[in-house]
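Just so you know, structure 1 and structure 2 below are the same protein chain in two forms, each on its own as structure tokens.
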Structure 1
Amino acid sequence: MIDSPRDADAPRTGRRYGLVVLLFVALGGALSFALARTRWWLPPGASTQAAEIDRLFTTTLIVTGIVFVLVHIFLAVLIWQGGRRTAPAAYWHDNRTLELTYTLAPAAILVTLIAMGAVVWARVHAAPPPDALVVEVRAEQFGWVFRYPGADGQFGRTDATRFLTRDNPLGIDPTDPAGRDDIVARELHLIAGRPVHIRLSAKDVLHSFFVPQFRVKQDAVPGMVQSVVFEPTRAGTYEIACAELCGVGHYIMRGKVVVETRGAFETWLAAQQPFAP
């Protein structure tokens, strides 16, 4: 090594660098999470799946948080010591037992996390219960349109390319009797404690139906109808955000969700104009 003067500095540098990793990364990382929890965290959950997803999130956070802190402590120690060493470095570069241990230990942790994640994922995607409220949600640049099937429980045919007008934003086929009592609304109203089955579609480009408090997110894909099933649990007013880049108005594409009692919901629904009275 030509440039050996730097070696004389090594213990000091090792200490300093080790301390930064320890204090700034390990401790700072952990503390900033603690701080964030109090102010910038998951909005309070308002659906049954929110509770499950939050639990999974917290478990994952604890596991990864422990790994994060331990690895950084270990890294800090290695740097600290590596700078102080005056003897030659060890000629040590293979140890099958050790390597197998740290292959299998993460594997075991990950298998556990996969299993837990699979359970929640499967539950979120379970078939909608028969008593679920069925609502159609259609995304467009840059807003949301909602449709309830009306008294007959049937949605009328739609064809936006033929029937779309200002008064018929979904392009409901006027000749289809099933569509006459359909209710088209600019707000989504749901019943607290009753599962809903949302049939999600898009008029023009990709959008994404995101209600943070419900922990619900699903892309609306033109040409396809997606099912979103969840059960709102807390009455209140929430916002639908669009989470998929959909053009210049991506950031203003807000919608309104009102979760209310069955009675309030019925009153609201009764006040709406059917498509063709």
Structure 2
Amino acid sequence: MIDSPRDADAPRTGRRYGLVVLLFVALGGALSFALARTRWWLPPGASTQAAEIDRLFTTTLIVTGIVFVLVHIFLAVLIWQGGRRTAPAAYWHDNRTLELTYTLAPAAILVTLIAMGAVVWARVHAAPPPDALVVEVRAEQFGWVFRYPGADGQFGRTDATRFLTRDNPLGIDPTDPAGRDDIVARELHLIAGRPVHIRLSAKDVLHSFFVPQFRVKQDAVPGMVQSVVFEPTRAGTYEIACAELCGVGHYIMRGKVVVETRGAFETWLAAQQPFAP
């Protein structure tokens, strides 16, 4: 049987289409990456942890990107060669060397990345330093409440079942002397260069404390207190977002965190009304 000219040109046409698709994917990927870098990339870091997390993110992106490109080049070469072959494909039952290579190599890469992530995770969730500013943060539908200890450095007791009112949103026990100088605020103020220990809780449903510039994201679970430690490094005003779909008003659950000098922070704190002056 003699192949028609159209049949003889089919493999060549297929390879041309494949090359066009490959160039389109490569060009689209490069343009998408460039556009993402200019418009949707990570905001500038504003905490000591941000540099470590960004470094880990970049390393992961480079390693997985190299593997992605190599795997697809390998697949393209196989398809290209397969289209040129006329003999039946070779078959073998197993190849121990090949199987060990494509099993152990990805495993070693993944274990290395996971170990690097575990080191960063341990640093972010390490015990707070003694000089850390302790702030209680409570998430609720749909807002944030912050509490600072007063001059005694202690938080007063809370009992939401007995003392929770509009004027006492955290349910601070008015009979506890330790709570009389507590400061309850609707803005989070922090000191640039001083570590912060956030004690995070939720009043009603699952929320998530998320400040992209600090690279901090921690879920707030009702009935639990989560610890978050970080150190803001750059003065400015940042937005706190709830990163969990927590109800119909989720979109308005936005808070504000102000990072300022120690003097400005103490001035702001002195201007706040204690719970029971």
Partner chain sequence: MTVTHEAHPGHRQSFLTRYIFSQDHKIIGLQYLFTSLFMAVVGGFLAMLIRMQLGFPTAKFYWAQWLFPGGFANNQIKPDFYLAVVTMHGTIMIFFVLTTALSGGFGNFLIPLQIGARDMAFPFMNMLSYWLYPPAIVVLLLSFFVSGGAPNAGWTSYPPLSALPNAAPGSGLGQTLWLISLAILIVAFLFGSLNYITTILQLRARGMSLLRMPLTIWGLLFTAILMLLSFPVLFAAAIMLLFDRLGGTSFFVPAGLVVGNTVIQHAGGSPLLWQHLFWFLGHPEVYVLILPPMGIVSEVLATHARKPIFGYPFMVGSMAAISFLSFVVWGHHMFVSGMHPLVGMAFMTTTLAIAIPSAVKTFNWLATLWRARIRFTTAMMFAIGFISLFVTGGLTGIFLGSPAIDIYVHDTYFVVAHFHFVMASAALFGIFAGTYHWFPKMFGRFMNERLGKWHFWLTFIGIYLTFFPMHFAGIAGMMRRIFSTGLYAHLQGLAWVNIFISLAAFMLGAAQLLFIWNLFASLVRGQRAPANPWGATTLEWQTSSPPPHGNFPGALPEVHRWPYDYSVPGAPEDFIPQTVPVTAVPAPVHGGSGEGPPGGKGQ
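Treat the numbers as computed from the prediction; the structure is a model and nothing was measured. Residue numbering: structure 1 sequence, from 1. For clarity, a rigid core is taken as the largest C-alpha set superposing within 1.5 Å between two forms.
Between structures 1 and 2, only structure 2 derives from the form predicted alone. Once both forms are overlaid on the rigid core, the distance between the two CA positions of M224 between structures 1 and 2 is under 2 angstroms. Core-aligned CA deviation for L61 between structures 1 and 2: less than 2 Å. Relative to the superposed core, W268 undergoes a C-alpha shift smaller than 2 Å between structures 1 and 2. Aligning the rigid core between structures 1 and 2 leaves the CA of D94 offset by 2.9 Å. Once the core is aligned between structures 1 and 2, the alpha carbon position of V21 differs by 4.8 Å; this is the C-alpha shift at that site.
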